[in-house]
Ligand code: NAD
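Presented as structure tokens, the chain that follows is alone, the form predicted alone.
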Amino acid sequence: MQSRTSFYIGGDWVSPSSDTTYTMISPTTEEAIGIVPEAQNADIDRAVAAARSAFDDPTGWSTWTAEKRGEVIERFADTLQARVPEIARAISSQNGMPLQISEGFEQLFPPMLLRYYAGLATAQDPEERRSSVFGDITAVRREPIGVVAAIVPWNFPQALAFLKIAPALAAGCTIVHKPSPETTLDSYLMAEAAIEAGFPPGVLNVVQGGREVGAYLVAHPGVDKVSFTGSTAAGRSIGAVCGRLIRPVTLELGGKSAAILLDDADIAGNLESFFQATLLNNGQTCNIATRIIAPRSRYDEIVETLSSFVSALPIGDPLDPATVVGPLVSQRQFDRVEGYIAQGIAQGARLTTGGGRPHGLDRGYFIAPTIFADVDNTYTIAQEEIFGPVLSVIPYCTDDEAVRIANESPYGLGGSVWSADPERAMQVARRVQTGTIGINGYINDLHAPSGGVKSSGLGSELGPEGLSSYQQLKSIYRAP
């Protein structure tokens, strides 16, 4: 069992303001795997003060050229890369993510993001000259927005953190990062990499804590922008606070995305891609498509294909390289998913596979991949985010009906369209109300904006838009 006793603040390890701790529980064994300090408001005050001082330093990080910042960010990518096997194992141990996924997403994505945004910022002209209607020149500057509060959930703790950290650092911002209580051990490894990279004190600070200190951080007077990934309910509260404070905020929230299977789709030949788009990380992924909208003409065939496929997926210890489906993150999440399964059955959906604890796994928060057939889009399991390995197969007759069903949701984060005709799929995808959508697969593109519409969020991450969200514009007028 690991024991950590400090926070990373102001470029160094510092003692917490209290002796309050929390114990981390393995989702595989239900045994304690770590003890870490729990931040109090005083620890947040200290972290924000360190970030504020680093940003306001007239010769500090925010005033450096993009090239100079890029050198440190590139070193950070290198020092992080050296730790990724250890980080991947730490994440899988904490949240149940199968190692083959953590070694991909969590191991590769953060260094890629750091290098991408370092290069993007270096290539960007920080000042643009525009002709004025008054006959002179106006200078339009892009400047770092300030101190950023970066708050992330437990499901992809490193990848989601660096969606915020990488562009914020490249823009010249300083950061207070608060990871989720369920996944904090990996954040210590990230902080060690930051120390080795040589960031100036206060540029990046990492403080572990729960919802209360997260709320305190969001409303802190020393913060200039909040970037949050998490539930829609929490996002609404954060958005309300930031609206009252007139504080910029990026919100990447919940989803209940749709996978539209057109009548010519070859699902049997694309099951690996289909799994990535619908059940990735034990179903604990916000942008996966858990509503499967299938043509009535092939409905029984598709239900049988999906049921046979998921029932054969290897389930077990997430640290076993052969495991495809691991446990849910916590007892609370296990109970939540079981509750939704019970609601699905009670409302009349037909359970074709799964529905409970897998045979032989009596310990750990395991739920077998579950398929529901004969689901109406109004059922609770089709409208609310479950965040577990549960798919609802909903029938349709025409393409127009499929699009209507996809859009009858309070969410709009991800989705996919499956067809042998990519252009036909593209035409359908254009009509779906969502921030992102894939054709015959789903994976975020580093160079394109990613974000939600409706109750799935506000603002964009990734692409040049992700960098712009950490910058503010200033126009400098010159009198003729």
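Owing to the predicted nature of the structure, the values given are computational and were not obtained by experimental measurement. Throughout, we count residues from 1 along the sequence that is shown.
A second form of this protein, the form predicted in complex with nicotinamide-adenine-dinucleotide, is not displayed here; the remarks below concern that form.
*Asks:* For the spot marked by S257, G415 and G438, is every residue within 4.5 Å of nicotinamide-adenine-dinucleotide in the predicted bound form through some heavy atom?
*Replies:* No, the whole trio is out of contact, none within 4.5 Å by any heavy atom.
*Asks:* Find out whether any non-hydrogen atom of P295 is located within 4.5 angstroms of nicotinamide-adenine-dinucleotide in the predicted bound form, and reply yes or no.
*Replies:* Although nicotinamide-adenine-dinucleotide is absent here, P295 would stay clear of it in the predicted bound form, with no heavy atoms inside 4.5 Å.
*Asks:* I'd like to know if S231 sits close to nicotinamide-adenine-dinucleotide in the predicted bound form, meaning any non-hydrogen atom pair within 4.5 angstroms.
*Replies:* Contact with nicotinamide-adenine-dinucleotide, yes.
*Asks:* If you check in the predicted bound form, is S237 within 4.5 Å of nicotinamide-adenine-dinucleotide, heavy atoms only?
*Replies:* Answer yes; at least one heavy atom of S237 falls within 4.5 Å of nicotinamide-adenine-dinucleotide in the predicted bound form.
*Asks:* Is there a heavy atom of R291 no more than 4.5 Å from a heavy atom of nicotinamide-adenine-dinucleotide in the predicted bound form?
*Replies:* No - in the predicted bound form, heavy atoms of R291 and nicotinamide-adenine-dinucleotide never come within 4.5 Å of each other.
*Asks:* Can you check 137-145, 390-398, 303-311, 151-159 and let me know which stretch has heavy atoms within 4.5 Å of nicotinamide-adenine-dinucleotide in the predicted bound form?
*Replies:* Within 4.5 Å of the partner lies stretch 151-159.
*Asks:* Between the options L271, A215, L189, A82, which residue brings a heavy atom to within 4.5 Å of nicotinamide-adenine-dinucleotide in the predicted bound form?
*Replies:* By the 4.5 Å criterion, the partner-contacting residue is A215.
*Asks:* Here the chain is shown alone; which of P201, G356, G210, P410 has a heavy atom within 4.5 Å of nicotinamide-adenine-dinucleotide in the predicted bound form?
*Replies:* Answer to the contact question: G210.
*Asks:* Would you mind checking 173-205 for residues with a heavy atom within 4.5 Å of nicotinamide-adenine-dinucleotide in the predicted bound form?
*Replies:* Going through 173-205 in order - heavy atoms within 4.5 Å of nicotinamide-adenine-dinucleotide in the predicted bound form - the hits are K178, P179, S180, P181.
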